[in-house]
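Next up: just one chain, as structure tokens, the form predicted alone.
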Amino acid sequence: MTAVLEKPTRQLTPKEPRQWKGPAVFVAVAIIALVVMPLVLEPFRLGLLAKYLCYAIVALGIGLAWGQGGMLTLGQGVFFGLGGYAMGMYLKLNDAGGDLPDFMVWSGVEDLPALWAPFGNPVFALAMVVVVPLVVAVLLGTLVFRQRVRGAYFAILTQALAAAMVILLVGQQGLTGGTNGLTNFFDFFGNDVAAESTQRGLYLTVAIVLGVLYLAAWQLVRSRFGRLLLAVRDGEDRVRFLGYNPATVKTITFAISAVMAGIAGALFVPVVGIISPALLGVVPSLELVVAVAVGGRFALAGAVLGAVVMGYAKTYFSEELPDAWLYLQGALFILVMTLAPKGIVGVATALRARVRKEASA
């Protein structure tokens, strides 16, 4: 008598409430950002929120590189500036209407530099917003990570790159606008930049782009590549002994974070109306790292939250206590790193676990 082996059938069960919690929170935040905020905030405050969300895109890339990959990058302002200047160059040429941009006239430039000429095409300019940061990050990552440069040495290298970028931009007055940078934009793809409707549309664009990039980063972290990235962060040498190349994994992640910063810089220009060396040097890059640490670098949501919270705090304290903001920012960073290294998200998670434990006891 032969036994008949029946293949066990998989019983489908509905998703548990916890599995729906993440998507539900994302949808709720999206509704608040896209529907509620434009209705309740006045145009000036809505513009500030759009600026914070631009910083949040950069912070998202830092959270991916630092929190998930262990790469403390102190020079994201470089990629932010590359994307911002690519957009700014197009807007200045568009406003000039075939003539030289105003700052070139003031600087005594007689002919349009060859570097600027292709940026009169909007398609080329938008492509460069992504391509230039991507190429720079891939080249830098390939050179650095293959030499197994990591930790504090990598952080110092990226910080030095940001400082060098500022010096280069300031020294090229006729090409980059020098210390003043690029400003006084009037037209954004056929719309008046200063118009309330344009600014509202820009805010919605920034919010949607942030949401799309967040979902992409979230999916990346949950993928096989994301698990490999975490393994590289926690034990790079072990990953290498298993046959993987950590340099490739880190270079790809670093390039993705650079592209995010470039996109944020391009959106920042029409939202704020300026891109200058002061916005992409060492100090702004450090402020973004502090924001990620405050929000929680091990969670992508923490990076975004930290950027918004720190942006609002900077605006508030700069208005109320302008001389004390830098000291408060430094003290907050020290307190977070010593008392709550996982940031706001980590504290909230610990409190929720404690409450759940006490409720089940």
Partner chain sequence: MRNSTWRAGAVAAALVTAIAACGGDPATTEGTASGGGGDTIKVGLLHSLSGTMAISEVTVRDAELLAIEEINKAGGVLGKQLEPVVEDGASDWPTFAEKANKLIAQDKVATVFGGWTSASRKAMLPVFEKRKALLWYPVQYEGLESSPYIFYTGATTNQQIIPGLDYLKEQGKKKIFLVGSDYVFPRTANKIIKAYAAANGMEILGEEYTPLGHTEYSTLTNKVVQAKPDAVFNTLNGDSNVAFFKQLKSAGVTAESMPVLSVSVAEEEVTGIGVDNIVGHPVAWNYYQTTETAANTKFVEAFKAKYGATKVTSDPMEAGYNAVYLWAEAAKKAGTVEVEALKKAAGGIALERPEGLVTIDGETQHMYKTARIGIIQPDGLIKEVWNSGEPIKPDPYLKTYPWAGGLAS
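Numbering follows the first chain given and starts at 1. Rigid core here is just the name for the largest C-alpha set that superposes within 1.5 Å across the two forms. Nothing here was measured: the structure is a model prediction, and the numbers come from that model.
From this point on, the text means the form predicted in complex with the partner chain, which you will not see here.
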query	finding
Within 4.5 Å of the partner chain in the model of the complex, all of Asp99, Asn191 and Thr198 (non-hydrogen atom)	no
Interface stretch in the model of the complex with the partner chain - options 176-184, 130-138, 156-164, 226-234, non-hydrogen atom within 4.5 Å	176-184
Contacting member of Val105, Leu215, Leu143, Ala117, with respect to the partner chain in the model of the complex [4.5 Å, heavy atom]	Val105
Any non-hydrogen atom of Trp325 within 4.5 angstroms of the partner chain in the model of the complex	yes
Close approach of Leu279 to the partner chain in the model of the complex, 4.5 Å, heavy atom	yes
Any non-hydrogen atom of Leu48 within 4.5 angstroms of the partner chain in the model of the complex	yes
Any non-hydrogen atom of Lys357 within 4.5 angstroms of the partner chain in the model of the complex	yes
Core-superposed comparison between the shown form and the other one, Tyr52 Cα displacement 2 Å or beyond	no
Exceeds or equals 2 Å, Cα of Ala350 between the shown form and the other one, core fit	no
CA of Phe298, rigid core aligned, shift of 2 Å or more between the shown form and the other one	no
